[in-house]
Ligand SMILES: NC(=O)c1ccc[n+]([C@@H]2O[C@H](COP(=O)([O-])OP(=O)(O)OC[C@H]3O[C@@H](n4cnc5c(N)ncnc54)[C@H](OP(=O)(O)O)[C@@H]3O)[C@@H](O)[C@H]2O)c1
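Quick heads-up: it's one chain on its own, the form predicted alone, in structure tokens.
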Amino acid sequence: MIVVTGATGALGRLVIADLLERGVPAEEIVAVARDPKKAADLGVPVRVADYDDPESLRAAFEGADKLLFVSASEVGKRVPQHRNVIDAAKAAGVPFVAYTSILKADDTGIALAAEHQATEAYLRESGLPHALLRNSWYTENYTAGAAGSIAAGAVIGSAGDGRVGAAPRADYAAAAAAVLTTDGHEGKVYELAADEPFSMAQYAAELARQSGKPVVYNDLAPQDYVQALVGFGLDEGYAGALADADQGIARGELASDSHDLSRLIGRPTTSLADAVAAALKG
């Protein structure tokens, strides 16, 4: 039985869909969610659990052969939540855990990586057989705002000429499903990123090419980028984290030439052009 946490999130949903497409029987997949109503359309059994409720997690993991541990979304709260998940998996006797971490977690200076680093360490100390799925950024982090960028004629950021190995969530989901449905992944660390990373200037140029409208990249100082994001309505803390991540991109910390992602999914990663085209189609 394969258990997927965060099943109603954008990534978890895609993993479950991919597992079903690979022929895993629906009754052999369990979706773990806080709100069962949101999981009703997944087509698989649902167990209710919360990362803040250790007992619910242990019950949800009973009988699991493999667990996909999707990292929590509440930055600043993830370390205790993740420890709850790991403790529950150990208590339930889960034979294998795959955890969604961040690219180059060992040595990245990106602030958002700290909780992933702590989680990886705790997972190693637990003794649970596991694999680390270290994901780079999602292309959707950018393409979700494609229409607005085209309308404004500009993409803003603070990444300089740095390139990001972003890929669509569907690519990362396919990699997770591959790890969950094949053997030999215990102890593996997968650095998952697009085959062809792109700069923000390249992203702006692709928006311009496909829309037929002028779009440029405006590179801002980190503090100016934070203020711009706050002006768009983002919380200052989150805006600061995004600006910090852009500095990581400038340092090359969200790109990789490992090709682990394309190897796991058995095809080239989705190109920037195809990701933009899909976004513009809506």
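Throughout, we count residues from 1 along the sequence that is shown. Treat the numbers as computed from the prediction; the structure is a model and nothing was measured.
Omitted from view is the form predicted together with the ligand, to which the following refers.
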>> Using a 4.5 Å heavy atom cut-off, which of 214 to 222, 48 to 56, 229 to 237, 244 to 252 contacts the ligand in the predicted complex?
In response: 48 to 56
> Pick from 138, 96, 198, 190: which residue has any heavy atom within 4.5 angstroms of the ligand in the predicted complex?
Replying inline: 138
>> Give me the residue from 185, 169, 104, 163 that has a heavy atom within 4.5 Å of the ligand in the predicted complex.
In response: 169
>> Please tell me whether any heavy atom belonging to residue 78 falls inside 4.5 Å of a heavy atom of the ligand, as the geometry stands in the predicted complex.
In response: yes
>> Under a 4.5 Å heavy atom criterion, is residue 71 part of the interface with the ligand in the predicted complex?
In response: yes
>> I'd like to check something about residue 275: if you look in the predicted complex, is any of its heavy atoms closer than or equal to 4.5 Å to a heavy atom of the ligand?
In response: no
> Is there a heavy atom of residue 268 no more than 4.5 Å from a heavy atom of the ligand in the predicted complex?
Replying inline: no
>> For the stretch 1 to 21, I need every residue with any heavy atom inside 4.5 Å of the ligand in the predicted complex, listed N to C.
In response: 6, 7, 8, 9, 10, 11, 12
